[in-house]
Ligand code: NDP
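Single chain ahead, by itself, as structure tokens, in the form predicted on its own.
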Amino acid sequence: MTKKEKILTTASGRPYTEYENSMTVGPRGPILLQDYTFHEKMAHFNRERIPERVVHAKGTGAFGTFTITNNITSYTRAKVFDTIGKKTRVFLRFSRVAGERGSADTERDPRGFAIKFYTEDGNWDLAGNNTPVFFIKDPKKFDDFIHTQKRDPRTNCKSPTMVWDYWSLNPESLHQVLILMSDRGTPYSYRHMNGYGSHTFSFFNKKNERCWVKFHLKTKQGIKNFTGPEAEEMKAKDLDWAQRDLMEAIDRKDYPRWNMQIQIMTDEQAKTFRWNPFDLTKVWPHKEYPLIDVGILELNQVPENYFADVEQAAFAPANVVDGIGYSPDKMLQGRLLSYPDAHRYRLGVNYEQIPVNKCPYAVNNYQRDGFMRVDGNGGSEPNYRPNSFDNIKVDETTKEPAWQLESSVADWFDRNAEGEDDHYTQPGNLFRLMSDQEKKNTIRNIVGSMRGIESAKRDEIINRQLCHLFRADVALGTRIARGLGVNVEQFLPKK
């Protein structure tokens, strides 16, 4: 061993080999709690910044209503969907993913799209983005990915070198990278973009029949994006453009609206789907799994105080209601732990008593004490269960159906093993669906960003990323290589 070599360890010093793959029950199964190195990574990551959010720091939000327009009770027994015409109050927070609170609204970045539904069965949080996929598919990689989107530890500046080095080493990121580098990476405003639950969730109905579901929210204002130069121009004019646009639209009663739609996949279909249906870097083709209308979401009330509602809003994918459940999506499984943990750190263990997060209906449990307890702390009622004194009962009708797991083997499965390693078909299809102008803009944005790579390993990083681009689409790789002044011939098949 040379002097420069070091052994990878946990924070306690234990040598550790599985840094990038979470321990699961089977290659597609749920994550095990005993993978404590994942929890250690995420718990430390959630505590890296004080006091703003580690991710999604800058955002805006508004209250509104969700109105059911179509009957989907054959798929789910969730009461929020039980009657056509039913209205549920919501709070929606939009955000930038990587930027700090003082950054510009028009930076190239995914946008958060998080909705809190105040239902009679508790609060349901659909915490998604404006894209249907993400850069990674195992949560153990999340803190490392976000580090590359933040600031260089030496220069404290944003670093294209870090960004492209990471993406080039993680080909599963290519699908989201193409979306980000297209004009979809610079939405004109929050009102003119779609939202997605992104993850695969589950529905179960009154017969306890389970199916898999993806959520889509399609803007009724129409998709509208800035080009790269237009986004830069607006950045110089108004750092808070998207915030201002939303507030002014609601104030003039031009209420933004989205059409919620779902895709449904049966368990049998999931077993034979050509990709892993729980892989967050993949989409379900709409031709095979068509969109089903559900309802209309409308924003119609600006919060009276930004800090009270927008800054203190806390969303967690763990917050589902009867009739909606989780899936073996590894990224979703990781967020079930990390999001509530981040809120407990940032807002305190009683963050769900803050008005914007508080369920407006009855809440009965045995949680007591902690910082900022403001609800009477349970009074003189027992703080333990079972007991002989209170009348809190268990509603057996809300019990979820059991999962049938595909494996009983627990291990650190390679996320990119055979059958899980097609990182190129869907990105290639996406590029080929673009109009000529969209292709031109995407290529210009990628070339402009990759030109910022500064490192002794610049050529290595560029060539590695070009290999991924060529595998997705030869024309895409060729045009980007030429834009960077790289010899195209080395990437083409030999005659």
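Residue positions are given as counts along the sequence shown, with the first one as 1. The model shown is predicted, which means the values in this text are computed figures rather than measured ones.
Unshown form predicted in complex with the named molecule; subsequent notes refer to it.
- Of the candidate stretches 32 to 40, 460 to 468, 65 to 73, 433 to 441, only 433 to 441 has residues with heavy atoms within 4.5 Å of the named molecule in the model of the complex.
- For the residues R385, K393, K207, H286, the 4.5 Å heavy atom test against the named molecule in the model of the complex is passed only by H286.
- The contact residue chosen from N445, T60, Q426, N46 relative to the named molecule in the model of the complex is Q426, the criterion being a non-hydrogen atom within 4.5 angstroms.
- For the three marked residues, H175, I179 and H216, a heavy atom of each sits within 4.5 Å of the named molecule in the model of the complex.
- The named molecule in the model of the complex is approached by I223, whose closest heavy atom lies within 4.5 angstroms of it.
- Contact check for Q263: a heavy atom falls within 4.5 Å of the named molecule in the model of the complex.
- Proximity of Q353 to the named molecule in the model of the complex: non-hydrogen atoms within 4.5 Å are absent; the residue sits far from the partner.
- With a 4.5 Å cutoff on heavy atoms, P132 counts as touching the named molecule in the model of the complex.
- Shown here without the named molecule, the chain has S182, R184, N194, Y196 in 181 to 197 lying with a heavy atom within 4.5 Å of that partner in the model of the complex.
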